[in-house]
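Here's a solo chain for you in structure tokens, the form predicted alone.
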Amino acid sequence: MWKKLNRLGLCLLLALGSGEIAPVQAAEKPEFYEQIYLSEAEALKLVMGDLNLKKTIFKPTAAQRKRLQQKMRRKLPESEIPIWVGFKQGKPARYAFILHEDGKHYPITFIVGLTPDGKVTQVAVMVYREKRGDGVKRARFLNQFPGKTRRDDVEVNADIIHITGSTISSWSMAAGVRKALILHEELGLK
């Protein structure tokens, strides 16, 4: 057996030395491929309907950032997060977060709608930037989020089923929806 292994090793060394086997190269990022499904105005109309909208910007303090990161179990890369409040008869009736989460190589942009008591109403993909993995835009995947609250895991393999061929994007979308729920809780939105 050792003779066979030694011959194999010798053959590999000779092949490498002769240049017949190319060294392994690091994978490059694939070409940027932007697919726009909804503009900001279209996404807000879809999630907020005809409510009167007001946009605010949340800039987390160091203490808020630390709490958010502990709850999310990961870093919060954003220094500012826009939040839309939909008013009906002068009272908040809906909240919307337009978020960006990293997919395999590029960010996915999507909107999450929440009720004042922190229940997901709708999730929609706005922009997907890769050639593969866009299965997360389908209703079959997105329909798992409405009704979710902070009491739910909102995590793949817990209460969210990923889309085959879109596994990383599925994880990213679930993490983004969980982030919106955590932000709603942290800000005490009602």
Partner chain sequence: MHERIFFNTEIEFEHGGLLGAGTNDGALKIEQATLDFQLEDWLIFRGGAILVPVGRLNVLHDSDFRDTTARPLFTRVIVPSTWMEPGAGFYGTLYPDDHWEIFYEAYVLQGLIDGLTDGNGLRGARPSLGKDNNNGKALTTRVGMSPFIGLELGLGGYYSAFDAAGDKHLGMLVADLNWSHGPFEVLGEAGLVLHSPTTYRSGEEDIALDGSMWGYYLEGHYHFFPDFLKGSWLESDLSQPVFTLVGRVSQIDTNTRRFNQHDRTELVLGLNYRPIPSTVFKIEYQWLLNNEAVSRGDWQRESHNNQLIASVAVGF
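Residue numbers count along the first chain shown, from 1. As the structure is a prediction and not an experimental result, all values here were calculated from the model.
Not on display, but discussed next: the form predicted together with its partner chain.
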Task: Partner proximity in the model of the complex: N157 to its partner chain, non-hydrogen atom cutoff 4.5 Å - done: yes
TODO: Indicate whether its partner chain has at least one heavy atom within 4.5 Å of a heavy atom of H162 in the model of the complex.
DONE: yes
Open item on the list: Can you work out whether I168 and its partner chain are in contact in the model of the complex, taking contact to mean some heavy atom pair no more than 4.5 Å apart?
Closed with: yes
TODO: Decide whether A62 counts as a contact residue for its partner chain in the model of the complex under a heavy atom distance cut-off of 4.5 Å.
DONE: no
Task: Of R74, K119, H100, K88, the one that lies within 4.5 Å of its partner chain in the model of the complex (heavy atoms) - done: R74
- [ ] Go through 141 to 149, 41 to 49, 54 to 62, 121 to 129 and give me the stretch that gets within 4.5 Å of its partner chain in the model of the complex, heavy atoms only.
- [x] 141 to 149
Task: Heavy atom within 4.5 Å of its partner chain in the model of the complex - qualifying residues of 89 to 124 - done: K104, H105
